[in-house]
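What follows is a single chain, given as C-alpha cells, in the form predicted on its own.
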C-alpha cells in the first residue's frame, strides 16, 4: 500500500477530512458523512466522480451541486491542496496509508457489508490484506476483573492458534485482552481505532507487530484525531463488518459503546451473528442482549472447535435476525 493518491481520493479527502497537521489548527468545515453521501449519490447520477471536482472545468459541476451544498463551501474545501500535501507527508513518515471507497485497495468486506455507509476514507498501517480475511470480533467492557480478562485472552489465543483473524476496537479491558491472546498464539489481529492512530503506530511494540504483518490497524478518523465519544460509537459497525461473527464478552445495560454496537447489529444491521458469553455471572447487559436474539457462545475448548463454531452451517439459528445472516484494540489507551 502506498500514498500515491488517485484524483478521486484526493477530492474525497479534501471534502471530508480535517487534515490535521499541527496542534491548534483551525478546524475546517468538512462535509459530514450524510452530506458526502448525498453529494456522491448526485455525482453518480450525473455519471461523474469526486475527482471531476478538481478539474479546470469544475465550476459548472460545483454550481450544479448548489441544491445540496453551497459551491463556495465546496471550493474552500477543495482549495486545501497544500494542506493535503502536508498531511500526506506526515502520514507517509509514519507508514500510514490512506484509501478511499473509490480505490480498488479499499477493503471489500466494508463495501459489501456497509454499502453506502462504508466510510469514504480509511486510514491504516500494516498489511491491508488482513482486512479481508474475516475472523472473530471480540468486544467488551473496559473495567472487568482479572478472571474475565484471562477468559477473554484465552479466546483470543484459541482464535490465533486456529488461524482465525481477531478483530477488535482495542480499548483497555476486554478488547486488549483478546488481541493480546491472539498475538501470543501467533495469530493475525485487526485493530479498528477510534482515535490516536499516529501515537499507536509509533509505539515500539506495536511497530514490531506491524512490520511482521501480524497486526494491521485502521480507522475512518484522521490519524492525529483525539478521543471522541461519537467516533468510538460509530467505529463499532466496522468491527463487526470486518469479521465473520462477533462475541460480546461483557456489556453494561443500555449504556456504553459495547452495548450500542451490539444492539445496532441485533436490531438493525444484522451483518454477522452476535454471540454473548454464556458462562459465569454475565450481568444484565449480556442477559438483555440474549433476549434480543444474541446467541450463547459455545465455549470451544480447542482451536479446531473455535474454527468450526464460525462455520455458518455449525451455528444455531439466530432468533433475533429479521433476515438471513450474512457471511477492530484502541492501541493507545483512552
Partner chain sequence: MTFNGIRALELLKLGTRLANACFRKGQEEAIRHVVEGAGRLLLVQKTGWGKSFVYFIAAKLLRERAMGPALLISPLLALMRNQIAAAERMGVRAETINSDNRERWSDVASAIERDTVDILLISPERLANEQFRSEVLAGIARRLALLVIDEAHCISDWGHDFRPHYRLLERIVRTLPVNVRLLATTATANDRVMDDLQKVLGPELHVSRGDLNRPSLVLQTMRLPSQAQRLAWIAAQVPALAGHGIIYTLTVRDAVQVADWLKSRGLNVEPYTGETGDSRPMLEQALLDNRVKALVATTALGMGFDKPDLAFVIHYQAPGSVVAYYQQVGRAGRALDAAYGILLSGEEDIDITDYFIDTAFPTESEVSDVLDALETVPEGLSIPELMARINLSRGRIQKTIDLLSLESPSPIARQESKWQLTASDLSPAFWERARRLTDLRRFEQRQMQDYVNLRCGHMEFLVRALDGDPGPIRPPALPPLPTTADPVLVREAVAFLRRTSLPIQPRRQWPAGGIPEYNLTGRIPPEFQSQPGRALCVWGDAGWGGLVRDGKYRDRCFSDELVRACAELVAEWSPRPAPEWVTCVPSLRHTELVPDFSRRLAAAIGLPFHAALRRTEARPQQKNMANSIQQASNVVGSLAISAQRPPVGPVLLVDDMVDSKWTLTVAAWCLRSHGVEEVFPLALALTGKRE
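Residue numbers count along the first chain shown, from 1. Keep in mind that what you see is a predicted model, and the values were worked out from it rather than measured.
The form predicted in complex with the partner chain is left out here; the points below concern that form.
- Contact with the partner chain in the model of the complex, defined as any heavy atom within 4.5 Å, is confined among 152-160, 208-216, 259-267, 134-142 to 208-216.
- Taking the partner from elsewhere, no residue among 111, 233 and 311 has a non-hydrogen atom within 4.5 angstroms of the partner chain in the model of the complex.
- Checking 305, 54, 278, 68 against the partner chain in the model of the complex, a heavy atom within 4.5 Å turns up for just one residue: 54.
- Using a 4.5 Å cutoff between non-hydrogen atoms, residue 79 counts as a contact of the partner chain in the model of the complex.
- Although the partner is absent here, residue 237 lies well away from the partner chain in the model of the complex, with no heavy atom inside 4.5 Å.
- Proximity of residue 228 to the partner chain in the model of the complex: non-hydrogen atoms within 4.5 Å are absent; the residue sits far from the partner.
- Although the partner is absent here, residue 14 is a contact residue: one of its heavy atoms lies within 4.5 angstroms of the partner chain in the model of the complex.
- The partner is not shown here, but in the model of the complex the stretch 9-45 reaches within 4.5 angstroms of the partner chain through a heavy atom at 10, 14, 21, 22, 23, 26.
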